[in-house]
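Form predicted alone, single chain, as structure tokens, below.
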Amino acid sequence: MGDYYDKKDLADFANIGEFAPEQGSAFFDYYAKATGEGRLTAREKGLIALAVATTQNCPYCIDAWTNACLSLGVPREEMMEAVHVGAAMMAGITLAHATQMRKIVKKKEM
């Protein structure tokens, strides 16, 4: 994956609005509000973001949110627990979509 994911590209994230500055600015405003302090703590949001990052296989997000969690004092065990929650959700989502397959199989067997 070296050609597609380069660690140094994470530093370029701030420039994602380069070709569409208005949309980029809107995204960063939204991102800051969504991930900033609110009813949930920064720690809780960091763990949610880490779990989502791992389920979506985003190396940049995993890097950023692992480091964010570490800076917030989140121990490795809690980060791993969050990753397992994400993995369990993905497994459940995958199995729930088997409903479509089961419906088609049953229809063809009629």
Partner chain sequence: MPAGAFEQRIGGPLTAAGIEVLQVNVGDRCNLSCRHCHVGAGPAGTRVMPRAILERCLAVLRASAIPAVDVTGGAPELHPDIRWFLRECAAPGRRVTVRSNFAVLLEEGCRDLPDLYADLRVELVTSLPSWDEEHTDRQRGAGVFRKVVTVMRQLNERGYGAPGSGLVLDVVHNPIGAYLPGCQAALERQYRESLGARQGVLFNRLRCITNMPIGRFLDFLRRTENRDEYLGTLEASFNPATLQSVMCRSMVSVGWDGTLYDCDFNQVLRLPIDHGAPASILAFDHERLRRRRITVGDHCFGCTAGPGSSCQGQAAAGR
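Owing to the predicted nature of the structure, the values given are computational and were not obtained by experimental measurement. Residue numbers count along the first chain shown, from 1.
One more form of this protein, predicted in complex with the partner chain, exists but is not displayed; see below.
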For the chain shown here without its partner, which stretch in 81-89, 51-59, 23-31, 64-72 has non-hydrogen atoms within 4.5 angstroms of the partner chain in the predicted bound form? 64-72
Closest heavy atom of Lys106 to the partner chain in the predicted bound form, within 4.5 Å or not? no
Does the partner chain come within 4.5 Å of any heavy atom of Lys8 in the predicted bound form? no
